[in-house]
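Take a look at this single chain in structure tokens; it is the form predicted alone.
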Amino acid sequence: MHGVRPSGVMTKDPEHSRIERILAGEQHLYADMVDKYKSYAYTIAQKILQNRPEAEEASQDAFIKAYHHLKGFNFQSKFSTWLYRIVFNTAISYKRKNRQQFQSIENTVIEYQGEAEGMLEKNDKKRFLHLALAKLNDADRAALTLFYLDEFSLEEIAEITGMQANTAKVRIHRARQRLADELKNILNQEALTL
């Protein structure tokens, strides 16, 4: 009875009833789920892989895996959290598989188009932040991204990554310190080139 809710339990989450309908044979409804979450699934994969084509492929693979394992969904968590864990794990698998490949130059180049000085400063801050994030390991980068940029709770991050909530909290704290150190190094190197 893996993935089946106890009888008599009412679900108020409309996504849970949509999943039940998909499992009952209305597969076309899964396309709505894909449309709803594809952008965010891609964002998670992109943060880990730092490569657009790979992120697109990984997020598509994650949707296929989620569909094939939908009967294992336990209805105790949100579908989005369950899906994002699949996306996270799929992207990490891609990263391990392609570790020897060089990072595409398009991911490291930032273009400036004669913007106002304030905009350049904003772009510089973003560039330095992205450079510092790129120097972190995959797990640290993913934890910071999920917590600060995507605003997931510690419990959601724990569920997505498979960590305990306390472990996620410690990882985020340490990753933030590493990020600050990397930013300091980048800014010091930048100052030396001026």
Partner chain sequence: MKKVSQSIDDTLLDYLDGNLNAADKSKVEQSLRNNKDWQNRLEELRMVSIVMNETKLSQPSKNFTQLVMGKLDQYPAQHHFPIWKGIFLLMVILLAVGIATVLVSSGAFDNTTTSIDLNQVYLSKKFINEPLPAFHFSGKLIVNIIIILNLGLAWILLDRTILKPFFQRRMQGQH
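Only a predicted model underlies this, so the values are computations on that prediction, with no experimental measurement involved. Positions refer to the first chain, counted from 1. Between two forms, the rigid core is the largest collection of C-alphas that superpose within 1.5 Å.
There is also a form predicted in complex with its partner chain; it is not shown, and the following applies to it.
Would residue 144 sit within 4.5 Å of its partner chain in the predicted bound form, counting heavy atoms only? Heavy-atom contact with its partner chain at 4.5 Å: present for residue 144.
How about residue 137: is it within 4.5 Å of its partner chain in the predicted bound form, going by heavy atoms? No, residue 137 sits far enough from its partner chain in the predicted bound form that none of its heavy atoms falls within 4.5 Å.
Taking heavy atoms and a 4.5 Å cut-off, does residue 155 contact its partner chain in the predicted bound form? Flag for residue 155 set to no.
Could you confirm whether residue 165 comes within 4.5 Å of its partner chain in the predicted bound form, counting heavy atoms only? No, residue 165 is distant from the partner.
Sequence-ordered residues of 30-52 touching its partner chain in the predicted bound form, heavy atom within 4.5 Å: Residues within 4.5 Å: 30, 31, 34, 35, 38, 39, 40, 42, 43, 46, 47.
Following rigid core alignment, is the displacement of the residue 150 C-alpha between this form and the one not shown equal to or greater than 2 angstroms? Yes: residue 150 shifts by at least 2 Å between this form and the one not shown.
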